[in-house]
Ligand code: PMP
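One chain comes next, on its own, written out as structure tokens in the form predicted alone.
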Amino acid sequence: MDTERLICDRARAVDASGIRRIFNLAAKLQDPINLSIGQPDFPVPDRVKDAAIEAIRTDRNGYTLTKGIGPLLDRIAAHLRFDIGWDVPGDDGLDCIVTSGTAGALTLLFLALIGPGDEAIIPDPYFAMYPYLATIAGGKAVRCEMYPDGRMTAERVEPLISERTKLVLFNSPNNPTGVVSTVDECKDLLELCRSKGILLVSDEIYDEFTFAGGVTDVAAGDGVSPRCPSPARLPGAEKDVLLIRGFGKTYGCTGWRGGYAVGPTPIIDAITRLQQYTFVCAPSPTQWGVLAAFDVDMTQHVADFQRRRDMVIERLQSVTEVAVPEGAFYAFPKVPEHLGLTGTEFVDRCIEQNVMIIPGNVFSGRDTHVRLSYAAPVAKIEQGLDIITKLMQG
């Protein structure tokens, strides 16, 4: 049988060749300096591990309700009331669902809102799955270019809106740039989406992974919590914003696939119906495990990553242009123009020197930058920076 002919156009349109190519090349390396992985290098906190282990041992291994276990939904609701002032569930038409990671929430959201001919505006640079979410749903991703500063502003978004636009996907702190949006940028974007009747989706997988100083030190007042700026923190945002958060990046449990979505009840209802016939529910031991995460203080780990960020930016700024990351654990430096290389070509040179990073075209319509992750041991980061900066100098 010619099984290749059975593959449908939807699957053919999803191209993972850029990432696959890098990992195929890297497979030939001996003990590479790996600055490519978007995964924390610290272990899952014992308290969170113990909660998941206890769930397994006490036979909490079966299906849960589609929306998630009651204790976790209650704890998420309490956290959101404290953090952003949303009453979930409440009289404001809000609801919540636990999902298989933020990727699960995003996938179900696109399937619920985007159909043939529909459009979603996404940032560029973007998290690698964003454009393919629209493809899988049968719609189109419209890219909002954020060069050179990595900011998704209302001014840049507005010209992209059409009568087919269903949602704007906003990601702060951003992957791959680490850029954190300001309060004013959040306000302007929310007001634009409100005026156009478009859902603003805030992907906040790195919401707890923001650094002190800069725009993340938001004073209390005006309805804004003293935390990382977010459109969800603004007055009345619950009527116009779908908030997506997760546990994997903050607590190091990326493989557990734990996340949640909260927003207007009709949208959560649609996501719930789709989850029932796709993922069924988020993994039950994961749900019991991340319940304990709300009682774990990760600030020292975040402070450690801020010190790594400082080291990375100091070195990179001496040889090229790079937006300063105020969250997450990535830098997205430009390949110096005097080298005459694309991001892919520069990555090839790094791999020749045993360093793994990712070319910018995995995250963008451009191939002018590279992404490096500093979620790696400090000694490895220093070794990698020595090689990267030397190659950038030419």
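When you see a residue number, it is the position in the sequence shown, counting from 1. What you are looking at is a predicted structure, and each value in this text was computed from that prediction instead of being measured.
Beyond the structure shown, there is the form predicted in complex with the named molecule, which is absent from this document and is the topic of what follows.
Looking at the named molecule in the predicted bound form, residues Thr210, Phe305 and Glu326 place no heavy atom within 4.5 Å of it. The named molecule is not shown here, and in the predicted bound form it never comes within 4.5 Å of any heavy atom of Cys186.
When the named molecule is considered in the predicted bound form, Tyr251 lies well away from it, no heavy atom lying within 4.5 Å. In the predicted bound form, the named molecule lies farther than 4.5 Å from every heavy atom of Trp288.
Under a 4.5 angstroms non-hydrogen atom cutoff, the named molecule in the predicted bound form has Ile205 among its neighbouring residues.
None of Leu243, Ala137, Leu106, Ile271 but one reaches within 4.5 angstroms of the named molecule in the predicted bound form through a heavy atom, and that residue is Leu106. This chain lacks the partner; the member of Gly101, Pro231, Gly150, Pro131 within 4.5 angstroms of the named molecule in the predicted bound form by a non-hydrogen atom is Gly101. Exactly one of the stretches 167-175, 73-81, 278-286, 187-195 approaches the named molecule in the predicted bound form with heavy atoms within 4.5 Å, and it is 167-175.
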